[in-house]
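Here's a solo chain for you in structure tokens, the form predicted on its own.
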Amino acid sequence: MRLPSYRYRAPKTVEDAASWLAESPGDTMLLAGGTDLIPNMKRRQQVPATVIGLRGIAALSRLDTREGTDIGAGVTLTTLVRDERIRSKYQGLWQSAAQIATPLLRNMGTIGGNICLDTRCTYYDQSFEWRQAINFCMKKDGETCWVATSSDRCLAVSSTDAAPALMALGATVRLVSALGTRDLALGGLYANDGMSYLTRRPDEILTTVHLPEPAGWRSTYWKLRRRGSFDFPVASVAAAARFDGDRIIEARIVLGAVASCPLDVPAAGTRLAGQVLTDDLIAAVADDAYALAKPMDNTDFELVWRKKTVRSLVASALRELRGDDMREARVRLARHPLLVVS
């Protein structure tokens, strides 16, 4: 498959990138690692007239741990996986990054790119000719969502690994445009719509991810996929909790790959606050997550089974936060031991 023709621009500063993006935001796209955008362009899912490459902007590749942690959107996934500060302070983020794609793709892929990852679907992630044969789909060139033909919105699924982990850790992001800068909680970046899945304006650039100091917090990330070595999630759970001894002060649980955006489970945080993690409590929280998860028939595995698996993923995540030895369970369920990546 060949790339379509486009104009390429390579700024050296965020200000230049924002200024160039403002010239024609409707037909301009941002390129970081390119592991998502370039295949999409080859399949004609996205055909921008201009591509602005961000790799030459040094400020986007900085990782600062002096006050909390600021991660530039251009920091590669490999950099995160190899950074001992990330692994020790934000275990859930490290686990999520370590399970994205393959080492070669992590060398290119960036944290900002994974946060903004295009939603995926069995009917969308195909060649142009395949999609043309079914009259395309609502997400690109068609009018029907083939996942649910009566749906008035696209049901393509959010497949980012990093976003659920970051949301559970209380991350915020910075968006920069020629008009100014705004910060928002990472959860506010997403909408539950397969087409308009980001609230980022077309003229904005995601530049920084900020994580607060993890004092008292423990975090983990569990992911279901067909192949343990290389696959997008078909269900995932990020869990984080702040402990005082054995008692939880506050907690967050975020589900991935079961909707068009990462799903916070507010009932779980309410139920866990002030409690000790007993088996009964873990089962009740797993039920809360199960009730919220609504996977569709738009990705690998049968949707009813994917929904049931959410219970197991949540229970496993909470047991790991409690301090249980979950190594064998992680290999059996998640197909990944999460050994140290050198």
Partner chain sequence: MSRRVIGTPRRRVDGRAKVTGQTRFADDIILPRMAHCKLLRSTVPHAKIVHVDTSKAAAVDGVHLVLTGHSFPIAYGILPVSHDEHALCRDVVRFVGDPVAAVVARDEATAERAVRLIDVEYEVLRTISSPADSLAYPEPRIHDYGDFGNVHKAVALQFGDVDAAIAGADHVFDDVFFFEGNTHLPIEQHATVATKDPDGKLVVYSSTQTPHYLHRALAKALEMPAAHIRVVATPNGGGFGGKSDPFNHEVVVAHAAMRLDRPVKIALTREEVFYCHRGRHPVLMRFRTGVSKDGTITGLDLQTLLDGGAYGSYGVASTFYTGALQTVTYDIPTYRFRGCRTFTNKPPCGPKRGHGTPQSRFGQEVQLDKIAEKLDVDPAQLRLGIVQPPDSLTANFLRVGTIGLADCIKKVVDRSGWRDKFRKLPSGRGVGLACSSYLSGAGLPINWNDLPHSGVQLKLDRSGGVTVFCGATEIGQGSDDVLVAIVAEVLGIEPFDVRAVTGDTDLTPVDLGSYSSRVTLMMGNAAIQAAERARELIAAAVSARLDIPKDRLVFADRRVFDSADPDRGTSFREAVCMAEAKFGTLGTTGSYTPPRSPAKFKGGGVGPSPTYSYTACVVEVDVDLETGWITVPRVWIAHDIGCALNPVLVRGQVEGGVYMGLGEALMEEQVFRRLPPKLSHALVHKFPSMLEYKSPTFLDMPEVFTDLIEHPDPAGPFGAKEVGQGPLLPVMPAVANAVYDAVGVRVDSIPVTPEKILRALAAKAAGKSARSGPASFPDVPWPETLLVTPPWAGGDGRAANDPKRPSHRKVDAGIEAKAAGMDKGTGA
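Residue numbers count along the first chain shown, from 1. What you see is a predicted model, and the numbers here were worked out from it, not measured in a lab.
What comes next is about the form predicted together with its partner chain, which does not appear here.
Quiz prompt | One residue of S61, Q46, T28, S312 in contact with its partner chain, assessed in the predicted bound form (non-hydrogen atom, 4.5 angstroms) | solution = So the residue touching its partner chain in the predicted bound form, by this definition, is S312.
Quiz item: Looking at S196, S151, T181, S229, which has any heavy atom no more than 4.5 Å from its partner chain in the predicted bound form?
Solution: The option sitting close enough to the partner is S229.
Quiz item: Among 211-219, 263-271, 161-169, 229-237, which stretch has residues whose heavy atoms lie within 4.5 Å of its partner chain in the predicted bound form?
Solution: Checking each option against the 4.5 Å cut-off leaves 229-237.
Quiz item: Quick one: does N298 come within 4.5 Å of its partner chain in the predicted bound form, counting heavy atoms only?
Solution: N298 belongs to the contact set for its partner chain.
Self-check item: S177, heavy atom within 4.5 angstroms of its partner chain in the predicted bound form
Solution: No - in the predicted bound form, heavy atoms of S177 and its partner chain never come within 4.5 Å of each other.
Quiz item: Can you check whether K139 is within 4.5 Å of its partner chain in the predicted bound form, heavy atom basis?
Solution: Answer no; every heavy atom of K139 is more than 4.5 Å from its partner chain in the predicted bound form.
Quiz item: Taking 4.5 angstroms as the cut-off for heavy atoms, does N192 touch its partner chain in the predicted bound form?
Solution: Although its partner chain is absent here, N192 would stay clear of it in the predicted bound form, with no heavy atoms inside 4.5 Å.
Quiz item: Within 105-141, which residues have a heavy atom closer than or equal to 4.5 Å from its partner chain in the predicted bound form?
Solution: Residues within 4.5 Å: R120, T122, Y123, Q126, S127, F128, E129, W130, Q132, A133, I134.
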